[in-house]
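Next up: the same protein chain in two forms, each one alone, written as structure tokens (structure 1, then structure 2).
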Structure 1
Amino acid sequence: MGKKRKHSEAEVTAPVKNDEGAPQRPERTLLGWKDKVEEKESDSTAFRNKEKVLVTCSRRINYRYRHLMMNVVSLLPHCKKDNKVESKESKGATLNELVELKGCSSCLFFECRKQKDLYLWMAKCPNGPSVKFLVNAVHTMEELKLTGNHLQGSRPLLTFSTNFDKDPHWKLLKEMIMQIFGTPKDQRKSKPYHDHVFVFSIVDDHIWFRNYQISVPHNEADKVDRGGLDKMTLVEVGPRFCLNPIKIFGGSFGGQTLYENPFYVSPNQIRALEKKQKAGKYAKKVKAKKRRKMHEISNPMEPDEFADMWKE
């Protein structure tokens, strides 16, 4: 190990020389090479969607929910999948740090409790609102009845039912879903062409998600044949799930409660209810027997005329 040379620690910061002489390389875009001169729309103040979603789950997650998570990862090219987080870390602060570490602007956290119930947290970080959903009716893409297929990473069309505009909490949810599930334009991993559509609709105060592949007979890439729009068919690709909003918080993974679903009953309570319904069976039976006995004693039957007929 040679001695470390002591040389002056003067930082030599060579100023970056902007070579104005050499012509700049044409910009590479998805549609080909474009010279910088031709840029009209993309000024420096134009809107650029830099959304990045962090997708994680808790430990002890069920196989079905894990597959659902993997499916969601494959649907969103602008997501980053991360390792499982410990159950202690699923409280607020650590998750926020994780999201910041990865440089993401939102998070989808799949929390599985008792290996039976799946909760989905949708949060905009660092200070955006967050929502906790209970997920029902999960069907993954691997089911053979869901026969469609589409390009991986192509930008989806998002459709919302007009119910979303009725209440402020639905409006907020719609905005969050649009930002999280919509692939940013010109995202690095996204593919061109639009060949699938997401459906979000509110039925019975639940948000239902469907993903369909669009198949329309066409010859050219930018025009549909005249009757083509009528012959369009949609094939379901999957996955399918149903979200039941529980609470909306003002901060990311915590903060002031902005909205609570009044109709929500937690799955634990449902199970407890069921058990209670079954619990009183024996006691009820004993009571019924006693009641019958009392009734018999209080209303004695008339002596039967034919009781002695067959007596020897």
Structure 2
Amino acid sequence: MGKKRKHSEAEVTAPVKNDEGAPQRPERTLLGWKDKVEEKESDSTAFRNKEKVLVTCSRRINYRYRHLMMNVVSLLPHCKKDNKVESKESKGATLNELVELKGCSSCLFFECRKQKDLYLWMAKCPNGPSVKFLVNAVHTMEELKLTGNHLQGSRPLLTFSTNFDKDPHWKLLKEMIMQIFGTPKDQRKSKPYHDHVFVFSIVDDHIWFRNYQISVPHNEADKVDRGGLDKMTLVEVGPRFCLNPIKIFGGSFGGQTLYENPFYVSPNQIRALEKKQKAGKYAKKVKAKKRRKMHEISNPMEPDEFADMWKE
């Protein structure tokens, strides 16, 4: 065996590099280069819409109303679904907590009572405002079977009738509908196309909702120029429903009452009136029987001469 080298000979001095002028390599993350992302965030001062909507319903909901909720979920790519919530007085605190856990800023809550009446809560969480609607004239996509068809996840165009600019409560409802039903730009689940229209119109103090597909001819020889709206047609897709505003609250699912509809009549009162009308028919029959008895007592029949003739 050879002789071992001395310890002083084994040590080799490593050359020292001057890295003072070399730029430091940026740290890489799952979302990209960290330094570049920070530069972009600092440079961009434009507002970015990050609206997310939580859509849920109450327990013991009717199947038609559940289908309507699923149709609304299919139309809103920026929404999130959640489990059913018990319809109690404390539902506001529960829903606000769910909205916070899901990272949303708005909520659509379908509340069904007596398996007949459907109420829609439209709220901005957690500070409000919120609106309570009575939903009438419900027609789901499965019932209508219309010929319209548009791309799922595409961004809709929102159109409103001129009545929304008359009163302040209609202006507030218009702004809430724009924020909740309008799909944000560059949302990850949305498509960068506008191929359908949401129509909100006020008739008889009710908000009527319609969804139409924008149909454009696709022949290469017959292309539509910019601004050529004459060749575009609207084909209804569905669903259909009507919103009757009941109250507008200052907070989320409660608080100070900002507006109350003076023309609103609850479904319970309508059913009570119908029962009274049906009960009126029975009361008329009872009164007729009493009048008949009083008439017989006041006008007795004369005795018949031949009544006892055949008794012997």
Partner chain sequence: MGILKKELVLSNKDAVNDDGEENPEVDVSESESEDEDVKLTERSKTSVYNRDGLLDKLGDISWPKDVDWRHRLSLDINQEQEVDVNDDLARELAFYTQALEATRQAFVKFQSMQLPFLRPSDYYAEMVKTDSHMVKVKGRLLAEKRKIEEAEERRKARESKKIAKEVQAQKLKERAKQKKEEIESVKKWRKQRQRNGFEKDDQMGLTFEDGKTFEKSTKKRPGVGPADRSGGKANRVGWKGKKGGAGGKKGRDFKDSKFGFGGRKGMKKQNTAETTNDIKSFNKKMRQALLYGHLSQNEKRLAELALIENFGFLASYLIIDVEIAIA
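Just so we're on the same page, residue numbers count up from 1 along structure 1's sequence. Note that this is a predicted model, so its numbers are computed, not measured. Between two forms, the rigid core is the largest collection of C-alphas that superpose within 1.5 Å.
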Pick one: which is the form predicted in complex with its partner chain? 1
One rigid part rotates against the other between structures 1 and 2; tell me which of K145, A279, R292, R188 lies at the hinge. A279
Can you give me the hinge-style rotation of the smaller rigid part versus the larger one between structures 1 and 2, in degrees? 33
C-alpha positional change at A288 between structures 1 and 2 - rigid core reference, Å: 4.7
